[in-house]
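Quick heads-up: it's one chain on its own, the form predicted on its own, in C-alpha cells.
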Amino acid sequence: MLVHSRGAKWAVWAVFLLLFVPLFALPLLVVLGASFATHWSSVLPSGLTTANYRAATRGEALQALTTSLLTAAGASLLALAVGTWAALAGAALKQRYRRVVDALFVLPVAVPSVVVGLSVLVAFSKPPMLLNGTRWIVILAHTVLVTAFAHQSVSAAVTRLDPAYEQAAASLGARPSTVLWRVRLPLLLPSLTAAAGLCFALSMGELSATMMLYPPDWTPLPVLIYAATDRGALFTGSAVAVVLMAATLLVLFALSRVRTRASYR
C-alpha cells in the first residue's frame, strides 16, 4: 500500500469497504442466499431448502454445465495457441507493425459481443464453412472474444523476457525450435496459465454472442440461467449461477497452482 500513516490506511480501507461491500459482496451474498430459498421475505430471500441445488446439479443443468466447461476449455486452448503465436511472432516485428497486430487482436473486444456473434453467424452460415447450428460456431465465437486477452497477456510477458537466456542457448548450438520449446515457452508458463485462466473465466460467463449462436443441443450454463430467470424461476437460477461460479473458481484455483509452481521453477 502506498499510504504509510495509520489514519490514511484506515481511510483507504474504509473507502474500499464502502465500495466493495454494496457493489460486489452484497449482490453475490444475495444470490447465494436466494439459491437456498423458496420465497422472498421483504427484501431478503427466506425459506431454507436444498431443492434448488438438486435441480441445478442434474438433468438439463448438469448437461449445460458440461457444455460450458467444454466450450470454455476449447476456446481457451485455441485462444492461447493463437494469442501466443501472434505474440511471439509480433515480438520480431517493427514497432509500427506490432501496433497494427495489437489493434487487430483488440478489435473484437472494442465492439459489443453481440456484434461479434452476428459477424460469426453471417460469416459461417454459408458453404464452404457452414458452422451455423453446430457447437463449433459457439466455440469459435468464444475464441474470437477471448483471444485478445491471451494475446495481450503473453505479449506483455514476451517484452519482459531477458534475451540472455535465448542467446546462451543459441550459442550452445540449440536450434530455434529448441530455444522456443525449452527456453521461451517455459519462461512464459506463468503468463500462459494466467492468460488461460482469464480466457476460461470470460468464456464461462459469456452470454450475448452465445444467445445468437447456440444450437438446442449445445446450451451453455449462462443461457440456462437467463432462461430460468426470464420465466420467473429466480431461486433455481440463483442455484445454477452459484454452481457456475463454483466451477469457474475451481478451475481458476487449479490453474493458479500450476502458475505458482511454474513461477518457482
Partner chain sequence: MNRRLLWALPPVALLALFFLYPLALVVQQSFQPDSGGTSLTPYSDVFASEAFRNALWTTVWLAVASTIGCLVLGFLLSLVIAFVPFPGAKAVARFIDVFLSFPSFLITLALLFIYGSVGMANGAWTDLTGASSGPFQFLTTPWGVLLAEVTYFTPFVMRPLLAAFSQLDTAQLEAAGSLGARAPRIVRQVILPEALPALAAGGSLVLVLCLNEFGIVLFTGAKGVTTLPMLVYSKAILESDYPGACVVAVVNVLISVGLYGLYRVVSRRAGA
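In this text, the rigid core denotes the largest set of C-alpha atoms whose superposition between the two forms falls within 1.5 Å. Numbering follows the first chain given and starts at 1. Predicted model only: the values in this text are computed from it and were never measured.
The same protein also exists as the form predicted together with the partner chain; that form is not shown, yet it is the one meant from here on.
Among heavy atoms of A61, none comes within 4.5 Å of the partner chain in the predicted complex. Remark: R160 does not count among the residues lining the partner chain in the predicted complex, judged by a heavy atom distance of 4.5 Å or less. Within this chain, P112 lines the site of the partner chain in the predicted complex, having a heavy atom no more than 4.5 Å away. The partner chain in the predicted complex comes within 4.5 Å of a heavy atom belonging to L26. The partner is absent here; in the predicted complex, the one residue of T50, T57, S208, S46 having a heavy atom within 4.5 Å of the partner chain is S208. No member of the trio L65, G74 and V258 reaches the partner chain in the predicted complex with any non-hydrogen atom inside 4.5 Å. Residues of 108-133 placing a heavy atom within 4.5 Å of the partner chain in the predicted complex, in sequence order: P108, V109, A110, V111, P112, V114, V115, V116, L118, S119, V120, L121, V122, A123, F124, K126, M129. The Cα position of F253 differs by less than 2 Å between this form and the one not shown after fitting on the rigid core. The rigid-core alignment places the CA of V12 2 Å or more apart between this form and the one not shown.
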